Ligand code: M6R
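One chain comes next, on its own, written as structure tokens: the form predicted alone.
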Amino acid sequence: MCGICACIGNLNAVKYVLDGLKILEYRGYDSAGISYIENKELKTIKSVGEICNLEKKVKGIFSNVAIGHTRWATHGSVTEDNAHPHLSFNKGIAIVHNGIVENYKDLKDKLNNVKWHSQTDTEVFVNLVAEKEGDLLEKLINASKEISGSFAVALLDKDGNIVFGKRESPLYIAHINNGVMAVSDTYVLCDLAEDFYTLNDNEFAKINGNGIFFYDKNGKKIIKNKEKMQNFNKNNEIFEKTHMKSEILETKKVLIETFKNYKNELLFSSIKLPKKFEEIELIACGTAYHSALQGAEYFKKIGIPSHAYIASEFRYGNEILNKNALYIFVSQSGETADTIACAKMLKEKNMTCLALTNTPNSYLNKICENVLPTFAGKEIAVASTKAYSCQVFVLYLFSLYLSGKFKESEKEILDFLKNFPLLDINNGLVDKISNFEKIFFIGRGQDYITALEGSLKLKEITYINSFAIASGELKHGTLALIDKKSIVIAICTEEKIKEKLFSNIEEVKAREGSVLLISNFPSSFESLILPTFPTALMPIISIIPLQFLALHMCEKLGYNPDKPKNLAKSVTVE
């Protein structure tokens, strides 16, 4: 959440920062701003809303040094005053910040001589810096010692100095042609740099025309190694009017790309499993948690005890750890704050950790000794689609590898990929569903997991208050909500529980609720028919029409599916 970008050099840094913010907009699009030096003065321009609003304001401005920010609001409403960059009380320092200052209220009380212009924790941060002694870097290092919480910050002073600090939130720095850039996501640097530096926790840096200089938390200069840029696969050849639709349509292509990379099993064979391998625990948030639930089902089917946990619950719960377990952390971005916190906690306890991510060079990848990439290509829309499908697919392939059945399953996987259907939902069904006040999703077993993900997609981009429930639980409360204003979308892809699910549908119909069945089994219910593939692969097929349903409902309501309100693609704060 929130994206920061900074640039200095023999170039127009304002343009480079603006272009970087456009790429980082997935991290937040509530507001944006840029600070720069012009005629030896520190100037700041901000705007509310998307980056294009800021672009109009900075058109024609040239400066060789600038910092910028695109915001997802945490502290303070969406206003220009709360937009970054924030200035110190003496107008001498500007700051952009990704993270949360947890003790900002206590710090604010100590800074009682400051006149406040915003409701943000970040304005407290910059004023704390301004009150410290020393040069800009010394001020930042000393101020950070009083900060509780997470931060990636870039500060620019009126003399044109830029410094950085980092704790838990991501920050990368690279040499580019005629300059230096710092960004929240290496994707910004893909076409600008061949390598980069990762700022680690409690490290600091400064950049100028002479290069990049790194420091530890005590201000001692340190040497860091460069990392090779690992570019995303250029999978986005299909482009519709929204990223979300394009990414759904890319699903078949990226699944094929993923299998191509796993076909020889080398990525799996490189994983270091615990010596006495006993169980698999998966930890994730949001959509990635749903893929973790499906992964747990795959592992249980091959006889390995497995559970999936919500990262924010696992971190503060009383879970019993097992030295002989493999802990898998699932995250599209590899920067999800709660998931990273769990991974760091378990690494400190010497547990075996594996990152399953879609993002090369991510922080989660660096924490875990094992990495399984998903090869989905860059996913820009906030609501995850193709990345979710690839997460489920990789977890399925991993279960085959662990069971020793990877090679013998290759033919059916290739057949699945060759005939993979991108099943849309027609306008008639979309119109019908949109007439209901209440929308429920039901399923059993793996179909309940698909129901959870389908309901989440609908909520994320249409703001319709739908929810999913295991169909066997209908009689334990939820049937009280079913009436003629309700539609229940039922998913059924498992033969062994088909009749149970159909009985649940009859219960809905008896209460005058309407039903849409998504299934590969024939029935008398109104249905969207799926083709039949091996049962374990059906969740990768059945989610597609639910993704399309959310997309079409969103468009029907006049919303932007790529940028839903109150959400951001990369959740880098707790």
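Numbering starts at 1 and follows the sequence shown. Predicted, not measured: the structure shown is a model, and the values here were computed from it.
Omitted from view is the form predicted together with the ligand, to which the following refers.
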| item | value |
| --- | --- |
| Whether 288, 456 and 460 all lie within 4.5 angstroms of the ligand in the model of the complex by heavy atom | yes |
| Residue 383, heavy atom within 4.5 angstroms of the ligand in the model of the complex | yes |
| Proximity of residue 306 to the ligand in the model of the complex, heavy atoms at 4.5 Å | no |
| Proximity of residue 333 to the ligand in the model of the complex, heavy atoms at 4.5 Å | yes |
| Heavy atom contact within 4.5 Å of the ligand in the model of the complex, the stretch among 397 to 405, 200 to 208, 325 to 333, 177 to 185 | 325 to 333 |
